[in-house]
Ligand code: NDP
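Taking the form predicted alone, here's one chain by itself in structure tokens.
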């Protein structure tokens, strides 16, 4: 039951009323697996009305069925490609029609990235920016009128990489930095306009999703944290209208040490990656092409 789940991202937990999510109208992107899937299940346990989206229709259907079994008042899915501009508007329109408006837009999807030294592939960086950044701002703009009407919340799932650049992920880091900058600025603009919409930017460390773990295996030397717990903390951050989430807690410390002791932070970051493995893989790939 949701009331028995304890969030752990903060030493002090903001006042969260689970009943506030009963009947809430929620759209979650990137929700066929990983953190997005877990968010869908948590929202369902809280009795929300949910629309989920990702590319895989079959997987989405299974997630919707489980959401309904967990207590969602309503649950719908729509398959979509986040690199397709027309799909982005179609998803928001679908959610508005099915739910009658939106209280929460949770933007969580990401494009597949590589863990390797940058090889000059500008087209990959453009493609990744299209999914990880431009799709976010397009969907946010489309949903803002409904969120404004409902005193809603816009929840952006970002990464520690957006605040503290790391090696071997330059295109991915650039997309997350763009998210943080854009939605940080938009938060100021909404406040200046006395808008009803809150913006929460969620900074996550390494989360133990199947996709993430398959990419970092043998390459990254750092602990991973549970997706279900990360998902719950994201939901609580949005529901309590907090501007930021740092999960796990030490991601906040890292963002501070980056400015306080940059040389130490650089040393630790670079030692967090299996440099010899990356160089061997990089050399092997180029010798085959």
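Numbering follows the first chain given and starts at 1. Treat the numbers as computed from the prediction; the structure is a model and nothing was measured.
FYI, the form predicted together with this ligand isn't displayed, but the following is about it.
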query: Quick one: does residue 108 come within 4.5 Å of this ligand in the predicted complex, counting heavy atoms only?
result: yes
query: Is residue 77 close to this ligand in the predicted complex, meaning a heavy atom pair under 4.5 Å apart or at it?
result: no
- prompt: Heavy atom to heavy atom, is residue 240 within 4.5 Å of this ligand in the predicted complex?
  reply: no
- request: Please run the contact check for residue 172 against this ligand in the predicted complex: heavy atoms, 4.5 angstroms, yes or no?
  value: yes
Full three-residue contact with this ligand in the predicted complex, heavy atom 4.5 Å, for 21, 42 and 226: no
- request: Have a look at 152-160, 98-106, 137-145, 191-199 and name the one stretch with heavy atoms inside 4.5 Å of this ligand in the predicted complex.
  value: 152-160
statement: Exactly one of 54, 48, 231, 245 comes within 4.5 Å of this ligand in the predicted complex through a heavy atom, and that residue is 54
- prompt: Among 178, 186, 168, 131, which has any heavy atom within 4.5 Å of this ligand in the predicted complex?
  reply: 131
- request: Heavy atoms within 4.5 Å of this ligand in the predicted complex is the criterion; list the residues of 192-210 that meet it.
  value: 204, 205, 206, 207, 209
